Every structure is written in C-alpha cells, then in structure tokens.
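Heads up, what comes next is one protein chain in two forms, each shown on its own as structure tokens, labelled structure 1 and structure 2.
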Structure 1
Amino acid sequence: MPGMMKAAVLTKPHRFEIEDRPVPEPAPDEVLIRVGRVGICGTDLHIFNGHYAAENLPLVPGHEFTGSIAAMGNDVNGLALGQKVVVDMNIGCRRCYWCRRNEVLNCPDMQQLGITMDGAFTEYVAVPAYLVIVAPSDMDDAVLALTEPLACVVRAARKAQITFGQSVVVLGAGPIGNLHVQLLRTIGAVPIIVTDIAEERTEMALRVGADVAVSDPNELHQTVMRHTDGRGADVVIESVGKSELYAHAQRLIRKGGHIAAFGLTGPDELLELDVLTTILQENSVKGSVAGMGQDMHDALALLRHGRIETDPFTRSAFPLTDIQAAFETIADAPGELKRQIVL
C-alpha cells in the first residue's frame, strides 16, 4: 500500500488542483477502495461551476465510481481484498425514521460522497463497508461506473410508479434523459416521447428506445397530444433542471397525470403551480434525485444482464491529471453522453 496518493481537489469554482495526499486509513467499519473509474455527473458540473455545494469547497468531488478493495477495517466481515465493487454514495445514520424508509437524503445527519465530503476523484477513498456492493469480476469498469447514475433513474421510475403501457414524456435527452428512455423501454412504457434542442441527442434517444423525438420546442405540445389521443402524457419526467420546463410539464400531463421532478434547478428557482387545476384534476408532482439502497442493486443487475446500451456512455475517458480539461470542454462535445476519469 503506498503512503501517498493523487487527488483532484476543487479548490474554488472552475479550478482543480492535483494534490499529493496521504492514503486514508480505513476506520474499523470502513473499506478502502482503489478507485478504477469515475463518471462526471451533472451534479459535479454544478459543483464545478459554483452553483451547488459551494460551501463545501475545497472538495474532492466524484461519486459515480467503481474500484477494488485495497484494505479493510478490523470490524468488516463478508468482503475480501481485491473484490471489484461499486459504492452507494449516500451515508445516513441508519437509525432515524427516514433511513428506515430508505429515504436517506432526508436523514438529519446525511452525508454524500463527493458532495458534502471528499469523494472519488482520487486514487483511494475510504467508505463505510455497509455501502459497498460487490460486482462481478468480469464486468468492465467503464460499465460499472454507470451503476450510480442508473440507480438514480431506477429510483425516479419507482417513485413515479411507472408501469407498462403508460405514456411518458422525457424532457431532455442528455445522459440522464437517455437512461430514463432506456429504462422506460425496459419497463414497457409506451409511447416514450423525448425532447431536446440537440438533434444529435434526440437521434441517440430514438436509437435506444424512444418512440418519438422532438427537437423543436414549438412542436412539443402538439406532438404529445397527437400521440396520446389528445389526453396528454401519463407521466412527464423533467431531467434538465429548468423551471420553465417544469412549468411546461403541467400542460403536457393528462388529467390525473404525474410530473416526476428530477432535474436540479438553481436554489432560487420557483415553480408556479396551478393549484386549482392540480386539485380538480388530481395531478401530482413528486421529486427524486439520487439512487440508494436497493436502487443500486437493481441498477447493477440491469447493467450485468445487458438491459442498458452502455456504449454511448463509455467512449470518452481522461486521466486524473487532465480533469481540468475534461470539465472545461464537456460543453463542446454534445455527442458525448458521459465522460469518465480513469485512475
């Protein structure tokens, strides 16, 4: 075990510094992970740009990761050195009302790897052993690093109670929007209507399971009504994070329909809700943002058995030393659904 490691520290918005740090010593109930791959998440971009969790800087971000067990605390059982693993990023107290209901994000003592505490843009990271999930040894690291973002999508579908035969509109065809489309196809939702102003991304969404794609915002409402017999969609998933899209979603759902609030907005953005219509039509809005617990296991199973087309997510990789460039140029590559850091 080396004594020192490289870590990418976001010292302030838009500025990473590669630092030499001591390799963490795992606590008795922790596991030390030798990080293999880490995905760059939309949340990481929000942190990079100073729009989210700025109060936690300096910080080592990174939470979509896989690696192998390098060391274990004395109280850890049921795991072995060298096992390939993925990690649930959400750390709760495990005792409160919310933790018992697998709603860890609402735990008063909740911490998140790479957001409220140092994460995985580093060679080694120590994590609580109960959050470690053993992965098949023959699965590729690039695919395993998709477990956490897919778990977020699994949880959103679960919260929205989406089932076969339902019509769903996905607002945004970026990385998460694409995963929403793929999971909806697996569930049996139909029709799946996706919209994005980037035609390249709507074309990718069509290739992985969308039934209809719209790149002109002025055509979206008419298209949704045409493909739902004039009712509107059963569910609309907002996966971009813009208040105007949330407002538009209210006009796209059917009476009794549901808005799945997923995309992160700015902290000061508000949604003007048509309260009377929401009541009279029995519409609903439900938030979901992070996968946890069983969501992670379900996501890993979907990846293991090839239910998700992963190739568009695994083509672009940067070494840790180039993390600044990886973040700065990500907006210049709309055809890339995911960038990963390789350690």
Structure 2
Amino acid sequence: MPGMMKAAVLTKPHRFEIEDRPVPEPAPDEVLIRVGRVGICGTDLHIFNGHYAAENLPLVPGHEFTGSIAAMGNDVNGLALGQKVVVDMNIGCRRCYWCRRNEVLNCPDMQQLGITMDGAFTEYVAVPAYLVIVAPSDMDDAVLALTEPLACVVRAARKAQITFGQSVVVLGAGPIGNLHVQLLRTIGAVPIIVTDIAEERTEMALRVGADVAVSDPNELHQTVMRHTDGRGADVVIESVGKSELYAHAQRLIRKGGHIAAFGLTGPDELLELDVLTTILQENSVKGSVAGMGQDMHDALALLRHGRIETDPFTRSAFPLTDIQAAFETIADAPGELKRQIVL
C-alpha cells in the first residue's frame, strides 16, 4: 500500500488542485477502496460552480464511483481484499426514526460522500463497510460507475409506483431523463413520451426506448393527449428542475394521475397547485431523492444483466490530472450524457 495518493481537491469554486495526501487509514468498521472510475454528476457541477455545498470547500467531490477493496478495518467481515464494489454514498446515523425507515436522506446527521465529506475524485477513499455492495469481478468499471445515478431513477419509479402498461411523460431528457426512459422501458411502461428543448437529447432518448419525443413545448400537450386517447398520462416525471413545469405537468396527467417530483429546483421555489382539481380527481404529487439501499442493489442488477444502454454514458473519460478541463468544458458537449474520471 503506498503512503501517499493523488486527490482532486476543489479548493474554491471553479478551482481543482491535485494534491498529494496520505492514503486514509480505514477505521475498524471501514473499508479502504482503490477507486477505479467516478462519474461527474450534475450535483458535482453545481458544487464546482459554487451553487451547492460551498460551505464544505475545500472538498474532494465525487460520489458515482466504483473500485476495489484495498484494505479493511479489524471489525469488517463478509468482504474480501480485491473485491470490486460500488458504494451507497448516503451515510445515516443508523439509529434515528428516518434511518430505521430507510429514509436516510431525512436523517438529521446524514453525511454524503463527496458532498458533506471527501469523496472519490482521488485514488483511495475509506467508507463504512455496511454501505459497500460487492459487484461481479467481470463488470466494466465504466458501467459500474453508473450504479448510483441509476439508483436515483429506480427510487423515483418505486416511489411513483410505476407498473407495466402505464403511460409516462418524462420532462427533460438529460442524462437522468435518459435513464428514466430506459428504466421505464424495462418496466414496460407504455407509451413513454419524452420532452426536451434540446432536440439532440430527445433523439438520444428515442434511441434508448422512448416511444414519442417532443422538442417543441407548444406541441407537448396535444401530443400527450393524442397518445393517451385524450385522457392524459398516468404519470409525469419532472426531470428538469424548473418549478414552472409543474403547471404543465398538472395538465398532462389523467384524472387520478401522479406527478413525480424529481428535478432539483432552487430552495425557495413554490408549486402552484390546483387544489380542488387535485382533490376531485384524486391526483397526487410525490418527491424522491437519491438512491440508497435496495435502489443500489436493483440498479446494479439492471446494469449487470444488460438492461441499460450504457454506451452514451461511458464514452468520455478523463484522467484525474485533467479534472479541471473535464469540468470546464462539460457545457460545450451537449451530445455527451456523462463524463467519467479514470483513476
């Protein structure tokens, strides 16, 4: 085991420094992971731009990662050195009301790897052993690094109780919207209608399983009605993060339909709800955030058995030393769905 490692530290917004740091010593209940690949997610970009978690800088971001077990604390059992793993990034206290309900995100003491504490844009990271999920040794790192974002989408579908035969509209065909479409395809939702103001993105969504794509917002309502016999969709997933889209979502669902609140808005944005219609039609809105526990296991299984088209997410890889350029130029490449850092 080397004594020192390279870590990409975001010292202030827009500025990564590659630092030499001591390799962490795992605590008795932790494992040390030799990081293999890490995805750059929208949240990382928000942190880079100073719009999120700025109070936590300097920080090593990175939470969509895979690697192999390099060392283990004395109390860890059931795992072995060299095993390939993915990691649930949400660290709850494991004792409070919410942790016991598997709602770790509501834990008052919750920590998140790469957001509230140092994460995976580094060669080694120590994590609690109970959050480690062993992956098949022959799975590609680039695919495994998609487990966490896919888990977020799995959780959203679970919370929205989407089943086969349901019509679903996905607002936003960014990386996560694309994964929503792919998961809906595996669930058997039909038709899957996707919309994005970027035509390149709706085309990508069509290629991975959407039935209908709309890039002109003015055509969305009539398109949804045409494909749902005038009723509206069973479910609308908001995967953009703009509160004004909820006004549309309320007109796109059928009576008794459901809106899945998923895209992250600003902190004080309000939703204008047509209360009487919601009551009379028994409509619903429900949020979901992140992926954890079973969501991670399910996401891993879907990737393992080839249910998700991963090529559009794994094509663009940068070495850790080029992380600054990888972040700075991400907006110039709308045709990419994901960038990954290779360690």
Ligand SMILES: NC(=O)c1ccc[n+]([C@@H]2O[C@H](COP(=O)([O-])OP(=O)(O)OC[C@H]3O[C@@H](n4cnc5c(N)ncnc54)[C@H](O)[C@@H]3O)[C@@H](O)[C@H]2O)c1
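For numbering, take structure 1's sequence and count from 1. Please read all numbers here as calculations on a predicted model, not as lab measurements. Here the rigid core means the biggest group of C-alpha atoms that line up within 1.5 Å when the two forms are laid on top of each other.
### Task
Please state whether structure 1 or structure 2 is the form predicted alone.
The form predicted alone is the one given as structure 1; the other form is structure 2.
### Message
Relative to the superposed rigid core, does D138 relocate between structures 1 and 2 - that is, does its Cα move 2 Å or more?
### Response
No, D138 moves less than 2 Å.
### Message
For E269, does the CA position differ by 2 Å or more between structures 1 and 2 when the superposition is done on the rigid core?
### Response
Yes, its C-alpha moves 2 Å or more.
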